[in-house]
Structures are given as C-alpha cells and as structure tokens.
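Next up is one chain by itself, shown in structure tokens, the form predicted on its own.
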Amino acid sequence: MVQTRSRRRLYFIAFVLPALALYGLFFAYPFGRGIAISFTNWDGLTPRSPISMEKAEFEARILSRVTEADRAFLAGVYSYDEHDGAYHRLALRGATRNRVEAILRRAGYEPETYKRIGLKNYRDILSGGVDARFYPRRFTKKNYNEDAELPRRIDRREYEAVFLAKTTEEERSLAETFYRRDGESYALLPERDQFELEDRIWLLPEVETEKTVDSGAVDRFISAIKGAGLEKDHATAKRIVSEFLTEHRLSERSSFEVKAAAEGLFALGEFKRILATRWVESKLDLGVIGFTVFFALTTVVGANLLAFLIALALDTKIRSRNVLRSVFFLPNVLSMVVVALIWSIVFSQLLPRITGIEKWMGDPNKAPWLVSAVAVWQMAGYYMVIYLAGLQNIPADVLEAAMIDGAGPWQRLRNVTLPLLVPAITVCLFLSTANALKCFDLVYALSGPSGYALGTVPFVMDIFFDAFAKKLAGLATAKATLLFLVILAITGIQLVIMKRKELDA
C-alpha cells in the first residue's frame, strides 16, 4: 500500500513529533544542563541568580554593567529594601529565570560557588586530583596502635606470617614471653596483662590502705615507665624507679614489687612498640574505580553463568520446574532495600553462629565479595527467564539431528545450543553490564557511609556522596558524565561484537 505524502506527514506529526518532543524534554535538555553544570564548581545549593545582595555591590557588579532594557527588567525582579539596605529577588520560574540568568551572565556576574571553571573537574578526575579513595592505591595497614591494650588473642596465621616473620631474633624472644600458641591462635599470657602489672603497684599497702603514697604519684610513675619502655630507654627507667623508691618510704616487699612491676611495664612498652612497628601489612585499596570494575566483572560473569546453568536445568523435564522457575525469579521481584535487609541479617546473625567468624560485612577483605554475591543472587532470576526463553526457541529437530549424528551433550551445547543462544546472551550481557555499572541502592543499603572503609563504594555511590555530602555538585556531574560515556562505550562495543556473532551463527 502506497501512502501519500500528506498521510506520512500526518503520522509524523501525530506520533513521531510528540515522541521527539518528550525525548528532548526529559532527556536531551536535562542531559545538556548536566553537561553545563559539570563545567562549574557548583555546590548544589547556590542559585545562579543571587537571592539578596547589598545595594552597593548589586549596583556595582550588576546594574552598572547592563543595558537600560535589562535594568528595567531586573527592576521587576529585584526590589530594594531600605531597612536592610539590600536588593531582594522574587521567586523565579521558566522564561523569567532564564532571562535573569542571561542578563547576569552578560554582566559577568558569577557566584563564588557557581563559577564556570571549564574542564577543571574533568582534568582533576583523570589526573588524580580528586579524593585519593577514588583511585586504586597501595597503603600500609597498621594492625595495632601502641597506645592500645595488647589484644587477648591473635589469629595464628596472621601472628606468624604478618608479625613474627618480620621480627629479629631478639624481638622474637621477647614476643615469646608475651604470647603462647593456643590452638589456632596466640593467647596473651596472664602475667603480661597490663592491668595485672599495674595492680601490683596500686595494691601496695602504702598505696591502697596506708595512703602514704599519693595516687597521682603512682599514675605518673606507671606512665613514665611505659613511656621509657616504648623508647627502649633502660637508663631512664632505672632513674625513674630509683627516684620513686627514694621519694617514698616503702617496705622491702613493696620495693621488690615496685621493681618487678616496673620491669614488666618496661617490657610491655617495649613489646608494644615492636608490635606496632612490625604488625603491619601492605594492602591494596580498590578505590571507587577498582571496586566498580570488580563489581561489574564478578556480577556480570556470576549472574550470567548462574542464570544460564539454572535455565539449562529447568529446560529439562524435571518435576515441579514451573514452581522452581518462580522460586528462582522471586529475588528479582523483591526491592533492593528488602534484599539488603535480608542479607544483612544473614551476615550479622546467621553466619557468625554457623561459622564462628564474627566479622562478615565489617571485614574489608570479605565485603566486596559479599556485595557481589548478593547482587548475583538478586539478578540471576531475571536473566534466567531470558536464557530459558532462548533455549525453548531452539528448534527441537536441530538438536535431534545433532544427536543422530552422534554429538554428545557437551558437543551439542558447544556447537548447537550456544550459537543459537547468542541473541539471548547479547541481551543479558548488555543489561547486566549496564546495571552493574549503575548499581547504587543495593550497595548503599548493605554498607552505607562505611563503604569507603570497607572498599565497597561503586561509581554512582561516590557521585551521590560528592553531590549531597561534600557539596561538590559540579564535580559529581562531571563524574556522572564520564560514567555515561564509559557505559555507552562498553555496551556499544559489546553490542557490535555480539551482533557479529549473531550473523556468524
């Protein structure tokens, strides 16, 4: 049927033109505004046109630099208040706001927190000029602080591999007087407990009952001895003990206790310094970029592989397969916040009771893997449906012909099923990649603001913190623009490659 030109124009006006208008209104215009904001240092709060300004400043910076027509227009927007000597702006909407901003732009007025800074945001992001936590980096993790008490127990592997392996023979000998192996951990010896050593002085008759020794003097003595131990200054420690015994009249037994306790406290301080300097390890912080890449790779591979395996199993004549399809799809129906709440309970209450390991989401070594595992669990059901639809669209006679030709299960999967499943794989890879790179709600609900410490902050979550916590809306918008371009490039390349495979198949 040949359509007339007038009918085609009518269709364009009735269907295409409204769609283009909506596209421009809800995508092109906001996207363009976002690009413009990314070239500024906007804090997310300061308006482009001032709400109020002192009379002298307003007249010097704005009114004296605009035309008569623009000055007359501004007179209808800004009113002068004689009581506070300032101009105040009315509420602005639509075209009025745009014209006011255009007038101010011609006058050269820019608020301090809404200035055009060109490509500075982009240069900072690409050259390492933003928060160091944004990039992958190596750092030294200090497992113990010398101001803290000695830990009661230390994991055997960590104590031997991270601490003992770095000590000298002398330091190792001292360590043996503090910790003894007890099963899969090293336990602090009771006689080396800090409170036990200090109590040997605090419980002296002259201190506790007779009150001939001031408690302040005891406190200063204990602190001085521990400080000398930290510095490994034997001469100072001997002088402190001698001065304390000379200054206070103590019995022979009490003097012996003071000397013994001082030796223990000195050794304690010395060992604390050794533990603080040797019990360190080099760690890799994935940063925002590293975690985003890690999360995308693990979730895309994990979710697609799991979904494909489930689809293969459910494509057979297994009993109750329809019920199982609903069960596997159910996690995708749940809200991300509900999913995060369920798994938070599992990580904080169930797993510690089952395994005896207390820290799960609170452990930076486990948290990235746990977040990815939850995302795979939540997404796999959706992709399973797509793979299952693709499997059921494969003609049965093709598989039967392959079986007649003697092809085994693995050969049929590799040479028949997978090539014919390429369209479904294309869709699943596209969706899973885009969703992984844009993920926010699940990760935020699982880790929240502590994500930086746990190493579980994806790109979108970092943008959120920049915009709303750090008040760096211009920088956040620049990051969002770069993320958009990255997603566009990755998914575009992915689609081109997979479409070629579809044609080859």
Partner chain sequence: MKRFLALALAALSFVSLASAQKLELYYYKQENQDGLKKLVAEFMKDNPGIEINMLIIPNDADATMSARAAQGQLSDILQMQSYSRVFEYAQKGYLVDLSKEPVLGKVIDSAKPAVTWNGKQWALPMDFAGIGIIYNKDIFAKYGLKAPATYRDLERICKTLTDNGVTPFAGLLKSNWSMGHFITLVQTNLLAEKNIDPAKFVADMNAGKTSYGVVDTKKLFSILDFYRANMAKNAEEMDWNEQQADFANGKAAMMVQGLWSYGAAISTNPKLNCGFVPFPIYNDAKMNKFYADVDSCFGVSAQSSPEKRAAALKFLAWLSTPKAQKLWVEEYKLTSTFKGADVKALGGPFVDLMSTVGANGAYPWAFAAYPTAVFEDACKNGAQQYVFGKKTAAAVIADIDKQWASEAAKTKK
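Numbering follows the first chain given and starts at 1. These numbers were taken from a predicted model, which means no experiment stands behind them. Superpose the two forms; the largest set of C-alphas matching within 1.5 Å is the rigid core.
Below, we turn to the form predicted in complex with its partner chain, even though it does not appear here.
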Notebook entry, point to check: Within 4.5 Å of its partner chain in the predicted bound form, heavy atoms considered, which of 56, 51, 28, 69?
Noted result: 51
Check: Using a 4.5 Å cut on heavy atoms, which of 106, 180, 123, 142 is close to its partner chain in the predicted bound form?
Finding: 142
Notebook entry, point to check: in the predicted bound form, which of 149-157, 414-422, 315-323, 302-310 comes within 4.5 Å of its partner chain (heavy atoms)?
Noted result: 149-157
Note to self: Taking its partner chain as it sits in the predicted bound form, is residue 45 in contact with it (heavy atom to heavy atom, 4.5 Å or less)?
What the structure shows: yes
Notebook entry, point to check: Taking heavy atoms only, is residue 89 within 4.5 angstroms of its partner chain in the predicted bound form?
Noted result: yes
Notebook entry, point to check: in the predicted bound form, does residue 453 have a heavy atom within 4.5 Å of its partner chain?
Noted result: yes
Next item on the list: May I ask you to state whether residue 459 is within 4.5 Å of its partner chain in the predicted bound form, using heavy atom distances?
Entry: no
Next item on the list: Note that its partner chain is not shown here; using its position in the predicted bound form, name the residues of 452-478 with a heavy atom within 4.5 Å of it, in sequence order.
Entry: 452, 453, 454, 455, 464, 465, 468, 469, 470, 471, 472
Item checked: Core-aligned C-alpha movement of residue 195 between the shown form and the other one reaching 2 Å -> yes
Item checked: Core-superposed C-alpha of residue 158 shifting 2 Å or more between the shown form and the other one -> yes
Note to self: Following rigid core alignment, is the displacement of the residue 326 C-alpha between the shown form and the other one equal to or greater than 2 angstroms?
What the structure shows: no
